[in-house]
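In structure tokens, the next block holds one chain alone, the form predicted on its own.
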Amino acid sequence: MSGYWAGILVILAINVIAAYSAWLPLAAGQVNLGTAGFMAVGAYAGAVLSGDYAWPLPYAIAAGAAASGALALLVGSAVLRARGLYLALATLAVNEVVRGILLNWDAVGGASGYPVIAHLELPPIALAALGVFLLAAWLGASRFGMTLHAIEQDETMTGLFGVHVPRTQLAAFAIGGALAGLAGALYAHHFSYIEAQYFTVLLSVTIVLSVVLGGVQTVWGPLVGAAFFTLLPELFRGASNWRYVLFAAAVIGIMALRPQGIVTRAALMRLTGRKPA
């Protein structure tokens, strides 16, 4: 495999993990625009532990994911009281707070960035993406996944059936934060250099859009959406200055034709020959 395509597949694997980190809150009706901030926490925490403290790489990456999950748990306890647009704005603010701290923290390089000593190639990153997909598939088919879907459909009615809605939403938010931290730590240890400027709100919005485009209703949606947002711009690379115009037109066209996403529950049932209950 050429180095170019290996690099594209690495980006795809990281984007898949990031997409599932946004999918869990979205499955419970929460729009999290702070995904990039949680990625930054995982990236910097893992890089510092593997570099300055010489932790073994798997432990450093796991610790980065855990640190991001802990921050998501702390943040979620406060911001999940908001709903709709206010929740989106709150998580957006969290993203900017994290980025602002990293930009001004000299211990991790500040605006100059932070070099990462340890390095990861494609195979372990692809294996991590596969593991995240299997975890998401298991969660989606579990009681927890069905509860998230019920909350997204009707939060009040779900609560009347004895479900502790805030606790379930917080769990989805925290798991999503941990997955975002994992994506960030893998990114840091492959590209060997991280800058706070990379983890912008635009990255968070792109991740959420990839999930919405792929489809929130099924576990396959984030995978398809991440592949679409990663691979299609590369296919249009030969169009030079028209590359992103064509990509934007493709996104608009798909959303017009498939407003519920590329992969929906009804489409999967048709493909498998199953009938809705």
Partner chain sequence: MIAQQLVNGLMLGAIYVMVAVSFTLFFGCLNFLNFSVPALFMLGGFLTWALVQMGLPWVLAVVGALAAAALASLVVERLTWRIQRGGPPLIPLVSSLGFLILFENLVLVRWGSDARSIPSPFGDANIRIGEVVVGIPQLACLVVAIGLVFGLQFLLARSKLGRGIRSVAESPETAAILGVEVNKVVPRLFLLAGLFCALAGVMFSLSYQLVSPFMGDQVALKGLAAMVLGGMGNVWGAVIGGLIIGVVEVFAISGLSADHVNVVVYGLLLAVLIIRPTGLFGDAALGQQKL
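Numbering follows the first chain given and starts at 1. Just so it is clear, the model here is predicted, and its values are computed rather than measured.
The form predicted together with its partner chain is left out here; the points below concern that form.
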task = Sort through 78-86, 177-185, 129-137, 116-124 and report the only stretch with a non-hydrogen atom within 4.5 Å of its partner chain in the predicted bound form.
result = 78-86
query = Does residue 264 reach its partner chain in the predicted bound form, with heavy atoms at most 4.5 Å apart?
reply = no
request  = May I ask you to state whether residue 11 is within 4.5 Å of its partner chain in the predicted bound form, using heavy atom distances?
outcome  = no
request  = Using the partner position in the predicted bound form, report whether residue 31 sits within 4.5 Å of its partner chain, counting heavy atoms only.
outcome  = yes
message = Does any part of residue 213 reach within 4.5 Å of its partner chain in the predicted bound form? Heavy atoms only, please.
response = yes
inquiry  = Check for me whether its partner chain, as it appears in the predicted bound form, comes within 4.5 angstroms of all of 201, 247 and 256 - heavy atoms only.
reply    = yes
note = in the predicted bound form, the residue from 90, 171, 108, 165 with a non-hydrogen atom within 4.5 Å of its partner chain is 90
request  = Consider the chain as shown here, without its partner, and state which of 251, 62, 231, 48 has a heavy atom within 4.5 Å of its partner chain in the predicted bound form.
outcome  = 251
message = Where, within 98-119, is there a heavy atom within 4.5 Å of its partner chain in the predicted bound form? Residue list please.
response = 99, 100, 101, 104
